[in-house]
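Shown next as structure tokens: one chain only, the form predicted on its own.
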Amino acid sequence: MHARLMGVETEYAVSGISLEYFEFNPEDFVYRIIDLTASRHRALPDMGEGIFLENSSRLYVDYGLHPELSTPECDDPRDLVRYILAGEQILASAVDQTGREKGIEPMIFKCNIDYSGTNSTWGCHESHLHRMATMELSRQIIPHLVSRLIYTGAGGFNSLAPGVEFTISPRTPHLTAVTSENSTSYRGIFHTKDESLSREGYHRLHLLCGESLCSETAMFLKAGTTALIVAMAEAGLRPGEAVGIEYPLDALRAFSSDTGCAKTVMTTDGKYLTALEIQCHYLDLAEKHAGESFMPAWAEDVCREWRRVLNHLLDDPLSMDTTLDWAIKLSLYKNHARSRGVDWDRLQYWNYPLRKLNRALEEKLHYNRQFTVEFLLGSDSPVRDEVNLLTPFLQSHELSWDELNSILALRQELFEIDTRFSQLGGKGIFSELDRAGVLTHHVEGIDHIDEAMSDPPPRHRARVRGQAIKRLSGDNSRYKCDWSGIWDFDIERYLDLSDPFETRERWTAMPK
């Protein structure tokens, strides 16, 4: 069986509430997290201002002053989820200690969207090692990336919209291209960046269309299914050929807005398929070839869970409201709206007038002006004509402008629930639900999280790197580490890890 290496880079958001006379300084806070983690765990500095930890993962501060943690290279999706969770325990502990030191009530979130008006989105990037032409791989995998969100979507709201627009994948509104080489703007479904971090002959599929997740089932399937499709494409099976999508970006938006998983999109050969049908096509092919030598040893395990989840989604997508992130969240949102006396379906009718008013305000150069009944209906309202034109629409759905302030207050409450859902350190809503035993998201074999905080994966260069870090840590002025090697500047030698499947330490003369 063929090993498939994969990894995940997750960007986290941090914040803090100042206590007494202390002030929250984001830069000081984030860099203290790095320093504190380095003092608690055996580590080596990287080539920038981050560190490689003894479990072979990397922690650093990324653009925008947020901590980012990259898992070690794993050859099993269970291990990948294990190291995501281990890294989050490491981070949460460091954040908590940093908060105590600085008189701050700290918070760290595994969220995907900033609802404060900055239009920011935090990334969760995936990496898959492969050895095929990048653009050929894009043709085979884009239909999968577009349709997999029915089980990998984080759930949330369109942060670029003025209403309460639930979306299965809140990252979707921030993707503006089918393929792109950029990661901070003009983001694509398929990222063409090909920095292999390995010797010649290897490529790294670097995906930035996915999202941070809490459900083990969703994380396991996101990694496992994508790796199987890369394996089939690399073997020449052309798994995406029969389900090529004519307009992938439009399809992504259609699938993301459809909690019933029933919308169809046009394929390149004129057929119309749902996201479920596209996923079933990929799964059928994976099941057929699961025992082939080019597939990993865990292929049948992933296919079994893949089939189980798709069958539930075929029967009733909302039946996954204890398993998949987006369905769990949607159930929470509906219950919260109901507790405020607002019917969820009725709430959705407000999206149309709010979009129209927002567009009218922008045309009149009133950007980011907060909607209130007083502003919209006042004598100086710049959009009074639009209000009058929209009033019959409200009346036809038994709505009233008098409700607007309470609707907007509910909107903010829902945004806060979405943000607090994935808070780390056991304080998030997801963690509370999990402790209460009401969720069914766990995957058998994802265990020993505490051990993964200090031990590297059992195989390949991640194992070699982690073992070397354990032995060499403590003299940080002498060594530097990156994905493909460790530099010893005292005697000018180099631990060559350019082979991603390396099994032992091979020190050579330091490259020029």
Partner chain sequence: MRIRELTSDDDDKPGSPAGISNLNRARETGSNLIRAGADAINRALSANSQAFLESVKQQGGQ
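Positions refer to the first chain, counted from 1. Predicted model, so just to flag it, every value in this text is computed and none were measured.
Below, we refer to the form predicted together with its partner chain, which is not included among the displayed structures.
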Residue contact check: Asp499 to its partner chain in the predicted complex, 4.5 Å heavy atom
no
Does its partner chain come within 4.5 Å of any heavy atom of Glu234 in the predicted complex?
no
Give a yes/no on whether His66 approaches its partner chain to within 4.5 Å in the predicted complex, heavy atoms considered.
yes
Gly123 within 4.5 Å of its partner chain in the predicted complex, heavy atoms
yes
Check all three, Arg340, Glu416 and Ala436, heavy atom within 4.5 Å of its partner chain in the predicted complex
yes
Partner contact check in the predicted complex: of 375-383, 85-93, 345-353, 108-116, the stretch with a heavy atom within 4.5 Å of its partner chain is 108-116
With its partner chain left out of view, which of Ile407, Ala177, Cys280, Leu390 would have a heavy atom within 4.5 Å of it in the predicted complex?
Cys280
If we test each of Arg307, Arg139, His203, Lys102 for a heavy atom within 4.5 Å of its partner chain in the predicted complex, the one that passes is Arg307
Using a 4.5 Å cut-off on heavy atoms, which residues of 319-342 contact its partner chain in the predicted complex?
Asp321, Thr322, Ile328, Ser331, Leu332, Asn335, His336, Arg340
